[in-house]
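This document opens with one chain alone, in structure tokens, the form predicted alone.
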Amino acid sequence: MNKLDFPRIGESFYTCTLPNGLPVYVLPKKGFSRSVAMFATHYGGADRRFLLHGQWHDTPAGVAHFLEHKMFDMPDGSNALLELTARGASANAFTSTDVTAYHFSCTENFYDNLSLLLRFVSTPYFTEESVRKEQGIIAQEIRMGEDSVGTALYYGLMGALFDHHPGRESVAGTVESIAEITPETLYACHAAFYRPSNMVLICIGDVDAEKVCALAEELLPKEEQERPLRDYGEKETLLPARKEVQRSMSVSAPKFYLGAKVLWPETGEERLRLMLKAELALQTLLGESSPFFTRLYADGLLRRDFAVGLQSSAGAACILMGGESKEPDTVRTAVLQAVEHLRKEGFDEERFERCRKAMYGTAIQALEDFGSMASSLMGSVFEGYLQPRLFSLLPELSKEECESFLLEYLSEERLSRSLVLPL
């Protein structure tokens, strides 16, 4: 068991890697009544084609999400989610482009709940009947998503930015693709991706690190197995596949997303630095306290729902910004004008430092939310870094490198747009 100290925030993680390859991270929080556990696999909606034991496998869209739905079913006919709830735990799961995570929080019975979490996630059980039933449930979920303005905006932009990366398609798949899923498909994908060497276990609360590791070693497979090699297709250029995608829906005013692809670094530390640099730069130039937002908000061109940030998953990254506007063309022009002003004048030093301090403060506050903290740590482990490193890297970022980031990626040729217009 190794101890990782982060003196800037006064926290220490205990970590070990089990003989089966599973990394375990425990953050003891003495005296806290609520504890959190997250057991996650590096497997999501984009992982449709993979190489394992020298053989390529192609799977329908939506398998990872389908697996998440079915993993709570146990061979004895019980449902793990209902059992966790009966024990006083609040449990759930989620699937993203490259991650599936199962988690719970509780104030008692932590180790019993952890034991159940480890057992049901590592014990697949599917029947023809249960798969057919779930196909109907998920098909209804997919149809409801098709009527969602947010979903239409987001996947519209992904389809505009990316030519073939699977992240452009819904994590849930389509009604047609999930109809192809069989119990054999689910068993094969579980065997490929739900192996400890491709997963991570995170526990936060008044828990004992040694006991957590011992329980995981006792209940999970003993030997390390080969990890699957993912294939997302040929590397894409940084230019968008399409400049614009439009759709008409029942909205009172136009809604938009603007985006630009960003080159995703190879190493974890570089990835964390890029994420921090992008967030600091974007908040300084376009965030809620910026002259850009203040002016457009006063003119009625933007609302408080305007958001901007960097998204990364499955080896791809992009800048996203958007919200509601009666004149999305004017907003797009204003973004490019703000970038041009930055090219000539640079950032205001005082505003840049205010944004840095605000980011640091937000990150400190996030430490109080154990669920959010576990999720952030999980994602960082899969990306090759540890989230608490941000407290050391953020103060190092220079104004010049943040300016260079925006000038490189926010240009006329790099921008793409997704629009949802009133019917």
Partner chain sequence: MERMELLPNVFLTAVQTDRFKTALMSASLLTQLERQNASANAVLPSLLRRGSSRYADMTELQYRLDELYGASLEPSVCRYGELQSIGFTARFCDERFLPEKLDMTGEMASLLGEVLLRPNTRGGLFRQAWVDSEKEKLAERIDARVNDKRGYAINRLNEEMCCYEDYGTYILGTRDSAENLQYVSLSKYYKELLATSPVELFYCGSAEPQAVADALCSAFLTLPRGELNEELGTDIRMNTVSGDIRFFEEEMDVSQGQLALGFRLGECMEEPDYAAIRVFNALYGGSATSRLFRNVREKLSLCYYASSGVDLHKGILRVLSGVEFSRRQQAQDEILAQLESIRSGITPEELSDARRSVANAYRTVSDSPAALESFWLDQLLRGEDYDAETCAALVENVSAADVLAIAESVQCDAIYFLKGEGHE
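Quantities reported herein were computed from a predicted structural model and do not represent experimental measurements. Numbering follows the first chain given and starts at 1.
Heads up, the form predicted together with its partner chain isn't pictured, but that's what we're talking about next.
Contact assignment for its partner chain in the predicted complex, among Gln225, Thr294, Ser115, Gln337, heavy atom within 4.5 Å: Here the answer is residue option Thr294.
Sole residue of Ala214, Ala307, Ile137, Val175 within 4.5 Å of its partner chain in the predicted complex, by heavy atom: Contact check passes for Ile137.
All of Lys29, Glu146 and Lys326 with a heavy atom within 4.5 Å of its partner chain in the predicted complex: Yes, the whole candidate spot contacts its partner chain.
Stretch from 362-370, 375-383, 56-64, 42-50 whose residues place a heavy atom within 4.5 Å of its partner chain in the predicted complex: Among the listed stretches, the partner-contacting one is 362-370.
Contact of Ala298 with its partner chain in the predicted complex (heavy atom, 4.5 Å): Taking the distances in the predicted complex, the answer for Ala298 is yes, it comes within 4.5 Å of its partner chain.
Its partner chain contact in the predicted complex: Ser398, any heavy atom under 4.5 Å: Contact check for Ser398: no, nothing within 4.5 Å of its partner chain in the predicted complex.
Non-hydrogen atom contact Ile9 with its partner chain in the predicted complex at 4.5 angstroms: Taking the distances in the predicted complex, the answer for Ile9 is yes, it comes within 4.5 Å of its partner chain.
4.5 Å heavy atom contact, Gly346 and its partner chain in the predicted complex: Because no heavy atom of Gly346 falls inside 4.5 Å of its partner chain in the predicted complex, the answer is no.
Stretch 99-136: residues contacting its partner chain in the predicted complex, 4.5 Å heavy atom cut-off: Heavy-atom contacts within 4.5 Å come from Thr107, Glu108, Lys133.
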